[in-house]
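Taking the form predicted alone, here's one chain by itself in structure tokens.
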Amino acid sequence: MINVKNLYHSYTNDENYAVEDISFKIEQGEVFGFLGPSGAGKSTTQQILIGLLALQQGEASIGGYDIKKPKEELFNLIGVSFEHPNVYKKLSGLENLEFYKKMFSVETEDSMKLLRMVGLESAANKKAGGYSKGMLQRLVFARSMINNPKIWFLDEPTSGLDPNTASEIKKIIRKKNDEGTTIFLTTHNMYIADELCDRIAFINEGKIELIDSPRNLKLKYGEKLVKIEYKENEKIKKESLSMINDEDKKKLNKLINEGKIETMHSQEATLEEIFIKVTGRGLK
């Protein structure tokens, strides 16, 4: 659904690249995550793909449409939820959606249904200028679904949201993906990337360092350890045991057979730990 080849972009029109020679493919129905810190090139890549930035060098297509020659059909195909809300503050939430849906030549969703989905039904007739930051974020998210997009660009979709609201947003994302929507997710939040993405790309200083599934990355870079708490002489002891070392495996089996283990957890690397290992820097 998305094909990017040898993409470059410079804001200063020289060799100081914000995005440098990146290539990737996203299959239909896939949730593909761009994981990296602020300034890594995530939003630049997204803005090129959705037409907010001109394609300077390289090739890119979405749903078979060359983004160098965008057609109306391409914009009917995509939905975009921006990290920084860009709505008409003097219009109500409902009026914002009603105005936006007129830009499309395909069947659109019911505006009130979308506001209900994101918990804004009671504020539908309130001017967006009176919305909180989280409400504005939800309005932009709702707006991105107005044309039933086949390809959905999400830039930090849970940023600034409380845990309950973020959970509801993730449920909507999963549901849309289950219905076949292809999703391009840009984030520095390792948890949402781990939860939602089929594959992720680590992008750092404008370059893609690697692309793989979260599971494969954790298996490749994680340590094969089990962290346990067990009772011995009426005291709780904590220990990390290797799942490879023969002596550790014998001890673990012995503790299991004796019924002494209180808690047991496999130790896998987090995406942030892997990112640091691969790039030498954190995700903040």
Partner chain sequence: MLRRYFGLVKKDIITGFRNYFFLAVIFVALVFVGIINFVIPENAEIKPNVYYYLEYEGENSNILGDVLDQSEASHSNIHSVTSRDEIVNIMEENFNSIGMVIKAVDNKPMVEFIMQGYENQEVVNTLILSMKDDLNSRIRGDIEIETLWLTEESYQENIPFNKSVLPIFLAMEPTMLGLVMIAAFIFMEKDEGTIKAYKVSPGKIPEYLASKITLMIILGWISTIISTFLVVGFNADYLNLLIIVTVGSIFASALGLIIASFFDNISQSMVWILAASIIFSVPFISYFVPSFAPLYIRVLPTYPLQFAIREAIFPSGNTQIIYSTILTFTILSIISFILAVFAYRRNLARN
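Quick caveat, the model's predicted, so the values are computed rather than measured. Positions refer to the first chain, counted from 1.
What follows is about the form predicted together with its partner chain, which we do not show.
Undergrad: With a cut-off of 4.5 Å between heavy atoms, is Met145 one of the residues that contacts its partner chain in the model of the complex?
TA: Although its partner chain is absent here, Met145 would stay clear of it in the model of the complex, with no heavy atoms inside 4.5 Å.
Undergrad: Flag Met103 as yes or no: does it have a non-hydrogen atom within 4.5 angstroms of any non-hydrogen atom of its partner chain in the model of the complex?
TA: Within the cut-off, so yes.
Undergrad: Lys207 near its partner chain in the model of the complex, any heavy atom under 4.5 Å?
TA: Residue-level check for Lys207: no, no contact with its partner chain.
Undergrad: Would you check, heavy atoms only and a 4.5 Å threshold, whether Ile67 touches its partner chain in the model of the complex?
TA: Ile67: no, not in contact with its partner chain in the model of the complex.
Undergrad: Name the stretch: of 74 to 82, 167 to 175, 111 to 119, 186 to 194, exactly one has residues whose heavy atoms fall within 4.5 Å of its partner chain in the model of the complex.
TA: This holds for exactly one stretch, 74 to 82.
Undergrad: Leu52, Met243, Leu219, Ile256: which sits within 4.5 Å of its partner chain in the model of the complex by any heavy atom?
TA: Checking each option against its partner chain in the model of the complex, the one that comes within 4.5 Å is Leu52.
Undergrad: Identify, from the list Ile151, Val87, Leu94, Met135, the residue with a heavy atom within 4.5 Å of its partner chain in the model of the complex.
TA: Filtering the options by heavy-atom distance leaves Val87.
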